[in-house]
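Taking the form predicted alone, here's one chain by itself in structure tokens.
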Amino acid sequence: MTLLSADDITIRDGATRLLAPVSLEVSPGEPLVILGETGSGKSLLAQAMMGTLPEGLRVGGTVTIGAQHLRAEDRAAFKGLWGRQIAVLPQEPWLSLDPLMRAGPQVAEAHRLVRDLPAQAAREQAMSDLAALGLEHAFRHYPHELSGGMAQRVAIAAARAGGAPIVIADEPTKGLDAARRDDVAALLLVALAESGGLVVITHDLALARQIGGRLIVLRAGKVVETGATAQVLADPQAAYTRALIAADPETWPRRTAQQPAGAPVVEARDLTLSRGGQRLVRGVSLSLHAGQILGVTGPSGCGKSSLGDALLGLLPPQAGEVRRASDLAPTALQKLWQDPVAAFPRTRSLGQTLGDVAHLHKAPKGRIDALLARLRLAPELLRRRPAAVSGGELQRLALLRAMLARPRFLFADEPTSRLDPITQAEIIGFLAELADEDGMAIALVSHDPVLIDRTADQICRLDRSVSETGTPQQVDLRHATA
């Protein structure tokens, strides 16, 4: 029995082919993992199977969902199946959550409208769903009051509420620490046992190993390898698959620490921060100089993003103080947002937005083109709107935009959470170059303690019970994501 099949799915943007003919099947009890680099076509394939491709892209092929045989181009035919026969856990929670509704009612609404539960039963089930994901306190919070990882878990609860027999999870663990990643993997496997069909789209090798089942490796819109997940990851045959596995941060050399010189660009003294009435950071002190990289790590929701907002002057401290170099212009402090989709205007092309930023900051002619090449981004992406590019591409475009302002301090909030290991290594290398060659001070947030250990000159580890700052040798990262 086959729950989901896709036959000869192709996607084009004008004359450009984004996805070569791809076929797949999903059987009960055997998950399918689709692994590949950022921009390889993983999310486009998922959107084609859901009938949710952005307007302007042409799709061909057929999709069979249960007993329903659908032409991929007939997008309207898919709508009646959403939530009931097939559900998606989206890559970007900000695109799936209603910003005007609190988290709990959004999950309850899915139970009420899709599963026809009475209002009180739907509310109780929503509370249970959120509690199972460690979000008991988030029931009455709006999406903007949640961290990226928390918003992702709310989106997971809402998507699963309808009880669809087929679940497509698009990068379900981006931005989550290792413990939460394991929780989500376990939740997805429970959904498989209950519902039958599971497709996981990811660049996370650890998640792929946990999910198991069968594996498809995509690169530049083409299948380069397929087989049992455990077998492919243990003995990859394609050169690209081998390179993907070899790019894991465990293989990186540790960065040569830069010694502080001159006055700090930004420093914090005995800092305490709260958000939404909840205390997140207590008694943190740090000092960041030009050319240094500060690694910030800790479990989801511990206050990493809030620390960055305080350093940038966007969040007033509850106690303590933040000092910034007196000669810093306001635009010399820049932030890479954890969810770049929320930071770009949705109705304008990316080229228009970047052109405006370049004009505002008097960037040299050709600066955008040079950065596009350095970040391995195709120039044609500038013609699209944010919703028509992958999360990883948008993350790199956000970095490009920040560089147009020539910042002296950059707070990079999970800048590689949507990137495959190869692209992640390239972007972290680019940030290291900005520190070493341009003297930029960088605070780098990551849920990956190994990445932080290899990259940072000093580390700030945040936890709900303890916070510590020091060199990689001084700070114990073994429990950074416990």
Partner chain sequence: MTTTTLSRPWPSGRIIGAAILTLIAAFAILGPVIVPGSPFAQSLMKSLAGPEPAAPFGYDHLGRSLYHRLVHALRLSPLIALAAVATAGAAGLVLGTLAALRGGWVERVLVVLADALLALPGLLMVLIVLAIMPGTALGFWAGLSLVLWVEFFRLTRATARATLAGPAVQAARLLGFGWPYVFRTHLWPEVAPLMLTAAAFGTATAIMGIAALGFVSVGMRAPTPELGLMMVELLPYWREAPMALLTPVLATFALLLGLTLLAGGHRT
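The structure displayed is predicted, hence computed values, not measured ones. Positions refer to the first chain, counted from 1.
There is another form of the same protein, the form predicted in complex with the partner chain; it is not shown, and what comes next is about it.
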Thinking of L312, K335 and A343 as the candidate spot, does the partner chain come within 4.5 Å of a heavy atom on all of them in the predicted complex? yes
Report the residue, out of A388, L117, L133, V357, that has at least one non-hydrogen atom within 4.5 angstroms of the partner chain in the predicted complex. V357
Of the options H361, K222, R255, R374, which one has a non-hydrogen atom that comes within 4.5 Å of the partner chain in the predicted complex? H361
Can you tell me whether R242 touches the partner chain? I mean in the predicted complex, with a 4.5 angstroms heavy atom cut-off. no
Classify Q352 as contacting or not contacting the partner chain in the predicted complex by the rule of any non-hydrogen atom within 4.5 angstroms, answering yes or no. yes
R401 within 4.5 Å of the partner chain in the predicted complex, heavy atoms: yes
Please tell me whether any heavy atom belonging to A290 falls inside 4.5 Å of a heavy atom of the partner chain, as the geometry stands in the predicted complex. no
From the candidate stretches 196-204, 211-219, 344-352, 277-285, select the single one in contact with the partner chain in the predicted complex, where contact means a heavy atom within 4.5 Å. 344-352
Across 234-269, the residues having a non-hydrogen atom within 4.5 Å of the partner chain in the predicted complex turn out to be none
